[in-house]
Each structure stands twice: as structure tokens, then as C-alpha cells.
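In C-alpha cells, the next block holds one chain alone, the form predicted on its own.
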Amino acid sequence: MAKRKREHYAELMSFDNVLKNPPEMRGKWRESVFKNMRPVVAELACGKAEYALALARRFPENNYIGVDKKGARLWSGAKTAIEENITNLFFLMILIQEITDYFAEKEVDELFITFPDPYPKSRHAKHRLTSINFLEKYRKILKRGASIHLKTDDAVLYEYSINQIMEFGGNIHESIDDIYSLQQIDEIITFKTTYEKRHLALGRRIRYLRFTLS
């Protein structure tokens, strides 16, 4: 397994759709990477980028960026994008804590956070991607009124996120405790990752928030 991860990482380093620590891209994603002026949408902690891939396939009119720190995970999504010739999806291998170093103010049109690590122990709450520390970073890079989407199976993270958003002064536009209990669901939250399929197979609820920070 370790050998395979090393091989995947080495291959990842050769992929043209993966950017590694490129601070020169800050403020230049449209003109230098995508070479168009379409909306920029990022998926944070994207893992194998199953969600970002689904979005990029379904909405070719947008530019997508999958962000994750682990190359072994990104390899799968980046390789799939190359094999399918998906040209509106790039990958950024960084720590999310550093996101403001790689995007200029108001450069991003929308964010997705799909099944992030819930960091269940309270002493690790600062690492949750909806903590106030992270919300402040998102507000800097997002256009005014831009939506952030959270999908999670974790009830504690869901409630924690609501509290953090409200404390931060954000606005919650949709709060759904069980999305598949609804008769009609917005298409953008129906794409299922491997993790989500596992959670559903175990009978877990899938929760969803859509909020803004302006």
C-alpha cells in the first residue's frame, strides 16, 4: 500500500491539472489557469474529488477547483479528470488554513464542503472547517453574497456549524436535517460520494446547510 501511494504521488506531480503551492496564481485563476472569465467554484477537503468531478461534468459553464492537502487522495480525482478530458477542473494541493495565500479577495464565487472530518473531540473544534477561524478566511476570498454548501452525516458538526455561522454573523438560507426525507431536492446536493453512500447504507441521515457570510 505504501509503495502504491508513493507511485501515485509521483504520478500526481506530473499532472498538468494539479497545482502545487502556486502563490503566483492568487488573483489570476481565471486568466492564467482556466483562461476564461467564468465563475470559480471550490470544493474544500475534496479527497478523491468525486463531488467536484460531478459538478464539473454537470456544469461545464463553471470553473472548479478541488482543494486538499493529501496527494494520494487527489491522484484519483486528477487522473479521472485527465482520462475524461474534463478541462474545467483543476486541483490545488495545499492546507486549507493557507487558502487566503492562494486566492485573492472576492475571487471565488461559491464553496462546497462535503463530508469533512468532523473532529468529534471538542478540543479539536478549531480544526473543523466551519469554525469561526475558517469562516473568516472564506469571507475574504468569496464574493459578497456567495453561497457555502455543507454536507455531513455528523449531527454534532451540523449543529456546531449552525452555531458558528450565527455567532459569526452569517446568514443561513437552507438548513436540512435529512435531505433524503424531502420529495424534491436541489440537484447540486444530490451527487453522492463514496463516503455518502457508505453513510446511507448504515442508515445515517445526510444533513445540509447553505449559508452566506456577507
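When you see a residue number, it is the position in the sequence shown, counting from 1. Quick caveat, the model's predicted, so the values are computed rather than measured.
There is also a form predicted in complex with a small molecule; it is not shown, and the following applies to it.
**Q** Would you point out which of 38 to 46, 142 to 150, 57 to 65, 169 to 177 contains residues with a non-hydrogen atom within 4.5 Å of the small molecule in the predicted bound form?
**A** It is 38 to 46 that comes within 4.5 Å of the partner.
**Q** State the residue from I94, A125, L135, I86 whose non-hydrogen atoms include one within 4.5 Å of the small molecule in the predicted bound form.
**A** The residue from I94, A125, L135, I86 that makes the contact is I94.
**Q** For this chain shown on its own, do E50, K70 and F115 all sit within 4.5 Å of the small molecule in the predicted bound form, going by heavy atoms?
**A** Checked in the predicted bound form: all three residues contact the small molecule.
**Q** Given that the partner is absent here, does T193 sit within 4.5 Å of the small molecule in the predicted bound form, heavy atoms only?
**A** T193 belongs to the contact set for the small molecule.
**Q** Flag L129 as yes or no: does it have a non-hydrogen atom within 4.5 angstroms of any non-hydrogen atom of the small molecule in the predicted bound form?
**A** Flag for L129 set to yes.
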